[in-house]
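What follows is one chain in structure tokens, specifically the form predicted on its own.
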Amino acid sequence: MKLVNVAKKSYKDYLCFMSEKDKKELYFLIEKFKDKKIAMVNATEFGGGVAEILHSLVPLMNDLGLKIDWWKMYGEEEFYNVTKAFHNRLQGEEGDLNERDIEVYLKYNRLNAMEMQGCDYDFMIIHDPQPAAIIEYRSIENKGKWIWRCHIDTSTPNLQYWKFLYNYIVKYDAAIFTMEDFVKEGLHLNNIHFITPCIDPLSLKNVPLEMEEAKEIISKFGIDINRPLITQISRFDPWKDPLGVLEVYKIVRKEFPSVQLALLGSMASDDPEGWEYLYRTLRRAGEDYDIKIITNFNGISNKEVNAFQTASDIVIQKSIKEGFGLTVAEALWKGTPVIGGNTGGIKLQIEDGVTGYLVDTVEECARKVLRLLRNLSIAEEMEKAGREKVQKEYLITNKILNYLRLFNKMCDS
């Protein structure tokens, strides 16, 4: 278990994104919880939406006067192989849970729990399946409230995996899901709440970038800035369907031969399957030089992601399953039209035909891409609606307030 160091942030810089009513509520709750100790626990400090959110959430909450630590759990490759299977199967993938996987999973949860012995927190927020069993090994003197935060779609899970995990998450004082649709039918957990993920409007990834600078940045990766570009930014993962995006591009290119495709992805330490799927994507792309497949090992960081989202004509997030899809909110915030899979948290962000398009198939996605490429006025109409929705619902300021509301409710109950 490791304490993650985060860069400092000033919450005063974010007040412009909040209403006066929300500011008053925030200050009231901060005063109430300023002496409480809070811990966030997850599996990785880089790569993936959870880590990205925590890099903003933790320093901002600290700057507000709260006492919050972020712990990253320790794990070897065997652990992450097992938890990647948990991730996939809790989202419905078939497969059997064997005794060896259980042994590995519990071993690392036990080891990490031991590292936290003597750390007494008022609120423990445990993110996703990887550290969920830590609660089983907590010290007796730890009397704080334990909250399990699930970022994935567990509505139709592999039942073997779900029944195993349920033995641990039922011990929590509260559970947070992104949306009601993600809660398995008949679930009996304590205090179920719903909080969406969010973006940091002042992070390097989301701070406004001039179009000329954005185009200059993406040109360094071989993009012709004078031709249309469609982009998907996500892990290389079967649920994100990069192979389907390649098929969309091939259909579009038949009618719009000047189009280019960029697939950007960060390779995360807790996702060993990602490398295999990256290689599959590279093989499917072949030698088409208008397809750019770029990872953090090619020099992609947050500023480059910002540039691609800003300068692309269309951003796609063609997920088959999706907990939320931060890249949707990020692109909407920049005024770029988004076409997303009609699934999970993407449906919360995209109002079909208003802030973007929702699609179910490769063919439907290709039709919507062609429609936007041929009708620039539609994209312009979506720009304002998308940005307004993100400001109202999906900024980091909303996230902090929602956590404090939950703490308040738990203390009063």
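The shown structure was predicted, so the numbers you read here are calculated from the model rather than taken from an experiment. Just count from 1 along the sequence shown to find any residue number.
The form predicted in complex with uridine-5'-diphosphate is left out here; the points below concern that form.
Only one segment in the set 228 to 236, 76 to 84, 95 to 103, 112 to 120 has residues whose heavy atoms sit within 4.5 Å of uridine-5'-diphosphate in the model of the complex; it is 228 to 236. Among H127, K205, K72, R89, the residue placing a heavy atom within 4.5 Å of uridine-5'-diphosphate in the model of the complex is K205. Think of it this way: in the model of the complex, uridine-5'-diphosphate has a heavy atom of just one of P242, P201, G265, G341 within 4.5 Å, and the residue is G265. Within this chain, G49 lines the site of uridine-5'-diphosphate in the model of the complex, having a heavy atom no more than 4.5 Å away. Within 4.5 Å of some heavy atom of uridine-5'-diphosphate in the model of the complex lies at least one heavy atom of G325.
Within this chain, V252 is remote from the site of uridine-5'-diphosphate in the model of the complex, having no heavy atom within 4.5 Å. In the model of the complex, uridine-5'-diphosphate lies within 4.5 Å of some heavy atom of I300.
Using a 4.5 Å cut-off on any heavy atom, none of the residues of 66 to 83 reaches uridine-5'-diphosphate in the model of the complex.
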